[in-house]
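First comes one chain, alone, set out as C-alpha cells in the form predicted on its own.
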Amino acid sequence: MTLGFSLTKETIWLLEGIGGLLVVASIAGFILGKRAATDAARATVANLNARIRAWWLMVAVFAVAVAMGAIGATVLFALLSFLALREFVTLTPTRRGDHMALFWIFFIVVPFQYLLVAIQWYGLFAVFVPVWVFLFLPARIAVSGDAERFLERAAKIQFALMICVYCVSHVPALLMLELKGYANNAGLLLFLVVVVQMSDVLQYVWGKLLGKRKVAPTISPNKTWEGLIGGVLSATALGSGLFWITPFTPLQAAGMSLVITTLGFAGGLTMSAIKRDSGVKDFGALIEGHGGVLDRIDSLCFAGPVFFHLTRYYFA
C-alpha cells in the first residue's frame, strides 16, 4: 500500500453508479411522499427518505475518504472504529477499575492498530489485538484491585475491541495487499463495502416482499429466511457482475460475495442479540434512519477479516 493512490476509471464508474442509484431512490422517495395518503404510509415514507438522506451522507464521506488515498480511508475507518467502540462500551456495565483499561484501548490501541495498517506492518497488525492486547487488558483491570464480575467485565471489553477495532481494521487493510497483476485496491475495498451493504438492503426488500418464516424471532423478528436467501443470492449476483473491479473472475467474485454476504448476515444477527440482551433497539442515534455507527457496519465486522484473509491467501 502506498500513502496515496489515484482512483482508476473502474472505481470512478462504480462510485458514479452508486450516485445514480441514490438519485433514483431520492426521486422515488419524493414521489412516494407526495402520494402517501395515510399517517402510516407517510411515516413509512418519512423513514425511507431519512435512510436515503443518510446514505447520501455516508456515500459522500466514504467517496471523499477513498479519493484522498490510503491514508484517508484508514483515518475514516479508525474514526468509525472509535465511534463504534464508544457505542458498544456505552451498553456495557463498567466499574472504576475498568477506566484505565478503557483509556488504553480508546487512545492507545485504536490509533496504534490503524497505524500498523498505514505502515503496512502485517505481521504485528494481525496479532497485536488478539494476542498482545488480549493479554494486557485483563491484567490491567486486575491491577485496579476490583474483582467484582471480573471475568464478565474483561470479556465484554475484549469482545468490543475485537469486533469494533480488530475486525473493522481489516477493511482498510485491504489497501496494504499486493496482488498479482492487480493494483486497484480501492476497487477491492469498494467491492466489499458495496456487496455487503447491498446485501443488507436486499435482505430487507426481499423480507418485506416475501418474508414469512423467521430466522431467529426472539433475536431479530424482522429477519426472515426468504429475506436472507433472496438478499444473499441477489447480492451474490451483484458481486459477480462487479468482477471487473476486482482481481477475481466472475465465478470467484460470486464465491467471495456468497461468503461475505452470509458472514454479513451472521454479524448483523450477532449484534442484534447483543442489543436484545441490553434492551435497546439501536447502538446509537448518530445516523438518521440507521441508528448508530455500529448498526451500520455490523455486517462488515464479520465479513471484513474473512474477505481480507481469503484475498490475501489466494490472490496475494
Partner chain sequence: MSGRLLAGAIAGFARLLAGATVRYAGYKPAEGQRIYFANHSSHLDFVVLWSALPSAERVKTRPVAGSDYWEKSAFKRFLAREVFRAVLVDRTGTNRERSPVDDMVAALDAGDSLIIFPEGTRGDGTAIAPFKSGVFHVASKKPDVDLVPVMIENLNRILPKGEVVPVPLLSSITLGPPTRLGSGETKELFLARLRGELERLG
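Keep in mind the model is a prediction, meaning the values are calculated, not measured. Numbering follows the first chain given and starts at 1.
There is another form of this protein, the form predicted in complex with the partner chain, and it is not shown here; the text below is about that form.
- Of the residues given (W206, F125, F106, F243), F106 alone sits with a heavy atom within 4.5 Å of the partner chain in the predicted bound form.
- Interface residue among T224, S234, Q197, T92, judged by heavy atoms within 4.5 Å of the partner chain in the predicted bound form: T92.
- Looking at K156, you'd find every heavy atom of it more than 4.5 angstroms from the partner chain in the predicted bound form.
- Of the heavy atoms in R96, some are within 4.5 Å of the partner chain in the predicted bound form.
- In the predicted bound form, the partner chain sits within 4.5 Å of a heavy atom belonging to M100.
- Of the candidate stretches 178-186, 158-166, 116-124, 78-86, only 78-86 has residues with heavy atoms within 4.5 Å of the partner chain in the predicted bound form.
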